[in-house]
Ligand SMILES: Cc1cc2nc3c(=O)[nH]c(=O)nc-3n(C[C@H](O)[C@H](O)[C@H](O)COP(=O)(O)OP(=O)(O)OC[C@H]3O[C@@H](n4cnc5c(N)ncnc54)[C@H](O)[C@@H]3O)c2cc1C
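One chain comes next, on its own, written out as structure tokens in the form predicted on its own.
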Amino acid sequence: MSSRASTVSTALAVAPGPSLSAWGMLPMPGTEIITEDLSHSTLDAVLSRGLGRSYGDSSLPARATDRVVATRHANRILGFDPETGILRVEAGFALAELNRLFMPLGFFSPVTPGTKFVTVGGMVASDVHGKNHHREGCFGAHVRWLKVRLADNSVVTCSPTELPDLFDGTIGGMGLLGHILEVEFTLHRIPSQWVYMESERVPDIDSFISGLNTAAPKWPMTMGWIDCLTRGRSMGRGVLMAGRWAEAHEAPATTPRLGPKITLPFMLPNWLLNPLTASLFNFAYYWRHFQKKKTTLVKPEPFFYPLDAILHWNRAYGARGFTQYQCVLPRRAGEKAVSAFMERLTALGGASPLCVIKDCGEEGRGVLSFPMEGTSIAVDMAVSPDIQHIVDNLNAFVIETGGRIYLTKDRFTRADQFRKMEPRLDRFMALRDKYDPQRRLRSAQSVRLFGDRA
């Protein structure tokens, strides 16, 4: 497999503008250096940043003068073995490009998040998970080897057997142990480019939990959209989706084509997305699934990445921006904990039509990796004067039940709350003491949550 170019330019370009923002559209002062040569440009940089699709402040600089490196042009394929599916790429290689090149060859990422507009380096730093977590774990479970630049500017390689503590800390470590330069991981073989999907309309949250539990042993991929605005008997109603790759004899002979891309060309007014319009959307989406249960063959794009069909969909929240609150409630807390969380969420308000529930399997090897065995709930919320109160209230419940939040999505959790929900934090901070005692690597999030200097 050939890469895009044989010669890597060392030219640097500074992104225009006085501020950077993540997907939640909350700006922070700073600029980024865009480069094709990570081996040189990460010297003395405090943070690497891919496509900027983390929702909060994990990919944003702590201060305007911090040197942030954008990896998205460092996107070469460095090696591929079609017999084993082992792929080595630069950190800026995008999942969208991986899909475009390797799906026709019968390979797919072992784990994919809900958007293809992410880099492989970002997938490692966030240790992303997907609809198949109960079967395949996080992306880090499939990573074989990493090349990393440490805070002292040395470049090292790590793996499960070589510097395993650095390897485990870098997976899900939000880029705070070193700049990820190269990644080697194993692709999965797929029998076709089509997905066999079963979907079911579910009347309430208790039925949803039961449905997820039933689907998990039968289906490698499961998830659901839930209505987090409706209260009463129908609280938590939604659509449960389960899928697997279609076998060759089940799939059409044609290759699935990408659908038309719709772009939201401008920021919508803040008032347009409100409790009334969100409730109307939820009502229509729920009853659009007029059949109680149906099975169908679908293209991978709408199955894995439904929101990617609308470019710049984050503009729907207006200039105020938005955040996503994603937590996992442990299995040991019981099914009633999920119902109680939904009751609290719907009572607090602030939610939007985008709320997803997933089944999570066992905890992975990443020191700060997000999932644990239990139920994950992710909800988008517009930034409002009440947002800190809402997050504080939800966090109190998560701490009480022994759960945790996803750092890649977080923007409003307080440091004391995070410490209460994260018993692994001391281990991670010990790794930072070992590999970056001066705390040269930092982000706005590490200042907020880990006590790094601003």
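Fair warning: this is a prediction, and the values are worked out from it, not measured in the lab. In this text, residue numbers run from 1 along the sequence as written.
What comes next is about the form predicted together with the named molecule, which does not appear here.
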Discussion item. How about Gly114 - does it come within 4.5 Å of the named molecule in the predicted complex, if we only consider non-hydrogen atoms?
Written reply: yes
Worksheet entry | Partner proximity in the predicted complex: Gly403 to the named molecule, non-hydrogen atom cutoff 4.5 Å | no
Discussion item. Can you work out whether Leu51 and the named molecule are in contact in the predicted complex, taking contact to mean some heavy atom pair no more than 4.5 Å apart?
Written reply: yes
Discussion item. In the predicted complex, does Lys409 come within 4.5 Å of the named molecule, counting heavy atoms only?
Written reply: yes
Discussion item. Between the named molecule and Gly236, Thr346 and Ile377, in the predicted complex, does every residue show a non-hydrogen atom at 4.5 Å or closer?
Written reply: no
Worksheet, complete the sentence: Answer key, the named molecule contact in the predicted complex at 4.5 Å (heavy atoms) among Gly169, Gly140, Gly175, Gly224: the residue is Gly175
Discussion item. Looking at heavy atoms inside 4.5 Å, which stretch does the named molecule contact in the predicted complex, given the options 175-183, 295-303, 153-161, 81-89?
Written reply: 175-183
